[in-house]
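Given next, in C-alpha cells, is a single chain: the form predicted alone.
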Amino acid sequence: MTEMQSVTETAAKERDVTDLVLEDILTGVLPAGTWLKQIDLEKRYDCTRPEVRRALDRLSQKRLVEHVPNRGYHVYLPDGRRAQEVSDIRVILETAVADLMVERATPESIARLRALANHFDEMTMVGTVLEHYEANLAFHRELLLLSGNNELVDLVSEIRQRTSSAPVSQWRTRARVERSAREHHMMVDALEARDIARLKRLIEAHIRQTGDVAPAESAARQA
C-alpha cells in the first residue's frame, strides 16, 4: 500500500466515524447535552481512540458538539435566545448587501451558484449528512462573495458557528431540507432577474426559516 493510499483510507474511515456520530445526534440517539465518553464511542463504533478524538474535534468545529476543557465533549445544547439574536444579525448583514450581490452578479457567477444549488440537491439524495451540510455552506459562501466584501463573508461564517449547525437546528425533517433546496434556487432566480427586493425577502425567510416567502415564490415558479 502506498503512503497516499494509506492517507486516503484513513481520511475515509475518520469521515465514516464522524458521520456515524452525527447520524446518532440527528436521530436523537445522542440527545442534546449528552456527554460523549470516548471509551464508549470506541466500543459503539468499533474504532480507535484517535479516530474518535478526530471525529469529535471535527464535529466541534461544525458546532455539532461542544468541547469543555478538562471535562470532555457533549452534544451541542441549543440556546434559543442566542439562535434568535444570531438570526437577527445575519438578516441585517446579508440583506444589507443584496443590492451589491445583484449589481455584481454575472452569467458566470449565476451559473456557479446554480451548480452549487444543484450540488446541495444531489447531496440531499446521495451524500452524507456532513457532505450535505458542507454543500450548504459552499452555496451561501459563494452567494455572499458576490458582495465583494471578504471580511463580511468571514464574519458571517464566524457568526454561524455561535449556534448549532443546520443539520441539528434546521434539517430534522425532509420537508425542511426540501424547502431549503427550493429557496436556494429561488435566490439564484432573484439574482438572475435582478430583483433586489425579492432577494432580500428570500434571504430573510431562509435565515429565519419562516417559510413566509418560499411557498408563494415556489408556486409562482410552477405556474
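None of these values were measured; they are calculated from a predicted model. Throughout, we count residues from 1 along the sequence that is shown.
The form predicted in complex with a further copy of the same chain is left out here; the points below concern that form.
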L93, N149 and R162: each with a heavy atom within 4.5 Å of a further copy of the same chain in the model of the complex?
yes
May I ask you to choose, among V97, A105, A117, M123, the residue with a heavy atom within 4.5 Å of a further copy of the same chain in the model of the complex?
V97
Here the chain is shown alone; which of D40, E178, D46, E158 has a heavy atom within 4.5 Å of a further copy of the same chain in the model of the complex?
E158
At 4.5 Å between heavy atoms, is D195 in contact with a further copy of the same chain in the model of the complex?
no
Check E142 for me: does it contact a further copy of the same chain in the model of the complex (non-hydrogen atoms, 4.5 angstroms)?
no
Taking a further copy of the same chain as it sits in the model of the complex, is R182 in contact with it (heavy atom to heavy atom, 4.5 Å or less)?
no
Is V86 near a further copy of the same chain? Define near as a heavy atom within 4.5 Å, in the model of the complex.
yes
Shorter or longer C-alpha distance for E151 and R58 in the model of the complex, given it differs from this form by 3 Å or more?
closer
Using the form shown as baseline, tell whether F139 and L56 are closer or farther in Cα-Cα distance in the model of the complex, where the change reaches 3 Å or more.
farther
